[in-house]
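Presented as structure tokens, the chain that follows is alone, the form predicted alone.
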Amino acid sequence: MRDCTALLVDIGSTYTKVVVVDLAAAEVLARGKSATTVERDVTLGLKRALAAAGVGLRKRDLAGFTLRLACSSAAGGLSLVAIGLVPELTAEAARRAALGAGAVVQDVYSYQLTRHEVAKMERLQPDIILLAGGTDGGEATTVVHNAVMLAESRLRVPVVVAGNKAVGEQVMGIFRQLGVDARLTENVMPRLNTLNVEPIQHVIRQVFLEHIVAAKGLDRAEELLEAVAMPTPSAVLAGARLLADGLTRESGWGELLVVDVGGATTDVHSVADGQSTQREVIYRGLPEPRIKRTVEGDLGLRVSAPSLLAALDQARVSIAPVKSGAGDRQVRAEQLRRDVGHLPETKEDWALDAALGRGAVELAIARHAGRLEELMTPQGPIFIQRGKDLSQVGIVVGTGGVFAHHHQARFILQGAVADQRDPFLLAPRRARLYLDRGYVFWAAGLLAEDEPQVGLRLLKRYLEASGGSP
């Protein structure tokens, strides 16, 4: 390989992907992929993917790269349980902080933990726990109670403490006394309706690097790479921010949405203020972050295919492209769950993937975007907005295997654009669509910290316009 190149790796739950980038030209030189082998030895699949990209496996071959970085969502990614005080306030704030850090939130708990809830957490076995609760100087007994319950449980995973600062040291003392690895950081909600997520996300990333990489066997991959730097969703979110905001010397594309459809989840990333453009609208609820990520664990095309099909049926989302009956679809969805590496072969296979993909996009966007509620008053109707108003967002990007390989990728991504059936949904109304055909979004996100200009140019160069351009 030439000088000034980057070796970028995504160790996914199904496939391990390799991209080699010429940093000087912002050009992809080679690609390779192989089935992920985290159940045996993650380096087996990694070495096959490297070989497929033409990368030599000797130390001197690998040392020739300027950068060697990786992200991973293997073995379920970074799983987290969030604990707060009030469901609509600190518990929701903790959940948002975790999602923005690239975690998959397994569950959220509020108020004082019960033994039943602790037992449920013990069964879930999360990688990390985020303990919040109370504004600074506000309610303090709940977070102390919850710290005692966690410390006395069988859970021995890192705990990030991000609650009322008045009792932070007391909570840390409880954990230290029983040998729990706890990290104290700033309150996720220091004042009512004020979010403070970045310090929590920084600590979660540190825990990922120190503990989770080793726990999932990814440390063996670091023998070949510099570091497994972040969870894959964090890389995608970093890419979304880079593409939207640009750099000092190179502009971005402005407010946008990125939809990442995978085998287990569908993630939506928005970089947009989300404020209403209508005067008669009143906002209710926690303020929405400009950079937001949501994860839908029941909307995946392989591992979650049965739950995706059930969610589509419940929401009455049509999957008309599939000609077979409902019973046939359920059988085939179960087959997809068992065979996560299945690639479509027949027309029916392709139609089912298109239908499930389109449905996953529609539902994930509906859950990510805000909504309007009409309220009648003596002066006439007014509207209440909850969540982000994304109706004016002009760009939607689709990333993930289904957008890289499916011939109906545009049809699938069109599910992100609101139609007239639900006028209260604040999803994009008229957006230009872009497809990540080269599967580079995560790679550009990996470069966002060390080589941001290269990452931005990769996105601009390889995202394929599917109707218009910025």
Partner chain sequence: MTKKILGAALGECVHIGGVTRFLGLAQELGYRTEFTGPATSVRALIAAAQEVDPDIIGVSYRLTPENAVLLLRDFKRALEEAGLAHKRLVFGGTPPVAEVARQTGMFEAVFDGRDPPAAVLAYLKGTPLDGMKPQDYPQDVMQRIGWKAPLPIIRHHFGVPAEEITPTVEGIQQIAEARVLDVISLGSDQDAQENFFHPERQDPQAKGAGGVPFRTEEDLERLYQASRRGNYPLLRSYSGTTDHIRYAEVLQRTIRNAWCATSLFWFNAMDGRGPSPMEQSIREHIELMRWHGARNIPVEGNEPYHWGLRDAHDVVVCAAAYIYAHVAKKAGVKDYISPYMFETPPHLSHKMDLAKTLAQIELAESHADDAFRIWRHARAGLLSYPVDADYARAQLVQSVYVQMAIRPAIVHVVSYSEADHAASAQEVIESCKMAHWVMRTCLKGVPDMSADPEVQRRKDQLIEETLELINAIRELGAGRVEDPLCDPASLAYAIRIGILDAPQLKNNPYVPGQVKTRAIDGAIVAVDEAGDILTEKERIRRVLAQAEARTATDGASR
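Residue numbers count along the first chain shown, from 1. Remember, predicted model here, so these are calculated numbers, not experimental data.
The form predicted in complex with its partner chain exists for this protein as well; it is not shown, and the discussion that follows is about that form.
Contact with its partner chain in the model of the complex, judged by any heavy atom within 4.5 Å, is made by just one of A97, M189, A360, A103: M189. In terms of contact with its partner chain in the model of the complex, the residue from L312, L89, L195, M149 that brings a heavy atom within 4.5 Å is L89. Heavy atoms within 4.5 Å of its partner chain in the model of the complex are found in one stretch of 346 to 354, 262 to 270, 369 to 377, 329 to 337, which is 369 to 377. In the model of the complex, no residue of the candidate spot (G252, R429 and Y462) has a heavy atom lying within 4.5 Å of its partner chain. Proximity of G398 to its partner chain in the model of the complex: non-hydrogen atoms within 4.5 Å are absent; the residue sits far from the partner.
The shortest heavy atom separation between T135 and its partner chain in the model of the complex is within 4.5 Å. Although the partner is absent here, R154 lies well away from its partner chain in the model of the complex, with no heavy atom inside 4.5 Å. In the model of the complex, its partner chain sits within 4.5 Å of a heavy atom of I382. Scanning 270 to 305 for heavy atoms within 4.5 Å of its partner chain in the model of the complex gives I282, R284 in sequence order.
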